[in-house]
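Single chain ahead, written as structure tokens, the form predicted on its own.
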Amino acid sequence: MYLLRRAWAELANEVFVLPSRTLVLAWALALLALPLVYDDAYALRILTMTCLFAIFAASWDLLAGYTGQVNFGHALFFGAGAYTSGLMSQKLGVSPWLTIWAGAAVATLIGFLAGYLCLRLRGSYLSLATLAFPLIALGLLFAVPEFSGGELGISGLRRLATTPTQNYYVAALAMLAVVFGLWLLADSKFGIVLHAIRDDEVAARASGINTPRYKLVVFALSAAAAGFAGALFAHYIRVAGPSTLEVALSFQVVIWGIFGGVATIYGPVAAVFILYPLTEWLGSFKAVGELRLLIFAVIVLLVLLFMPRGLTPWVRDKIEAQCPRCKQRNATWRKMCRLCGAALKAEVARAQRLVGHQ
């Protein structure tokens, strides 16, 4: 009973006080309850893939959004996790439940090495350098087709679960755990340091922050999450192939990140849950055909034009307001801040208008 009261108090004081957190909780509960009310195999397949790509998108945002290190070759880590897990499972006969962690570990190591090589680069130079890494990896894999499967990749991998519902829950629970973990990390003191590095690395270094160390750690953490997603992806579709290293996948995650809103973690996740099922749904119509890519591009362009910071920051600004005194967020319908009691901007503006009319 004590645990229930404690849980309810946490929900009341930390979640229900903000509309955005309430929406996230409702979304998570809906994800977990969906197979109980709608267990269509095709829909569960689309949502399973969506959950895996959501992990991938969140991992990119930790690196690019919070430290400003825009990675155009993020598929390198995704593919490293996929190939490592697939090779270990097929060649060595290791259980996929173990190889997915090995895939994440190898991706972490590659992320650390890539970060070390790019340590002195910034801006467009960093982005162009990271773009080369997946191409180099593909060249190495094609050079040893008897080991990597060449252009066909490694097929016939074992799945983590047998039924569509079980595979869905594996992906959904993994996504919720990883995304929530990344959000907690980004919302901690560690995340504040990352913001400082992104805004002004010279000033951060002058204040005593070891910026190279933080950048290496973020590269490794981002790679670990992406590699974990890649390993899960390979065992779900039962193939680890060149598609996991394609440049198109790297650019796709950049689109998800910018569409949803960078430096939020939940923004790219929301973008994946909107855009990936949408493109799959449009593809089911024969009349649409190849036009689905054009429709996708138009939607992304409209969001970037009218919501330059991304979709989720725009929505959050509509339902929440920031306190001018303590900078904490409150629901827009509140007149006073829930923490310091200061009048919110909307209330201040309303009072000024009344004074002006008088």
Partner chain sequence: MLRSALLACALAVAAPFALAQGTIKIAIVGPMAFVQGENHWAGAEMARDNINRAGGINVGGKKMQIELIRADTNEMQSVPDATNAVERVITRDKADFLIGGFRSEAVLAMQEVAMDYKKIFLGAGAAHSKLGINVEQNHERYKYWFRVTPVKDVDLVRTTFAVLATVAGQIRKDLGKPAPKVAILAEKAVWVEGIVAASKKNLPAMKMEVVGVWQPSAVATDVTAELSAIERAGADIVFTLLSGPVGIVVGRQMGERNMKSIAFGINVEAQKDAFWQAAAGKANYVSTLDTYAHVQMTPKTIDFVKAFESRFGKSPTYNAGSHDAIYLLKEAIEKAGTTDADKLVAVLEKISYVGAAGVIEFDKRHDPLWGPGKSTGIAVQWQDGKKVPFWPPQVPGMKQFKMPAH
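Please read these numbers as outputs of a predicted model, since none were measured by experiment. Positions refer to the first chain, counted from 1.
Just so it is clear, the following notes concern the form predicted together with the partner chain, a form of the same protein that is not shown.
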With the partner omitted here, the residue among Val262, Leu221, Ile237, Val193 that in the model of the complex has a heavy atom within 4.5 Å of the partner chain is Ile237
Taking the partner chain as it sits in the model of the complex, is Val37 near enough to touch it, meaning that at least one heavy atom pair lies within 4.5 angstroms?
no
Contact label in the model of the complex: Phe53 to the partner chain, heavy atom within 4.5 Å:
yes
Can you check whether Ala41 is within 4.5 Å of the partner chain in the model of the complex, heavy atom basis?
yes
The partner chain contact in the model of the complex: Gly93, any heavy atom under 4.5 Å:
no
Specify the contacting stretch among 146-154, 93-101, 176-184, 212-220, defined as having any heavy atom within 4.5 Å of the partner chain in the model of the complex.
146-154
May I ask whether Trp8, Ile274 and Arg334 each come within 4.5 Å of the partner chain in the model of the complex, counting any non-hydrogen atom?
no
Taking heavy atoms and a 4.5 Å limit, what residues of 158-180 are near the partner chain in the model of the complex?
Arg159
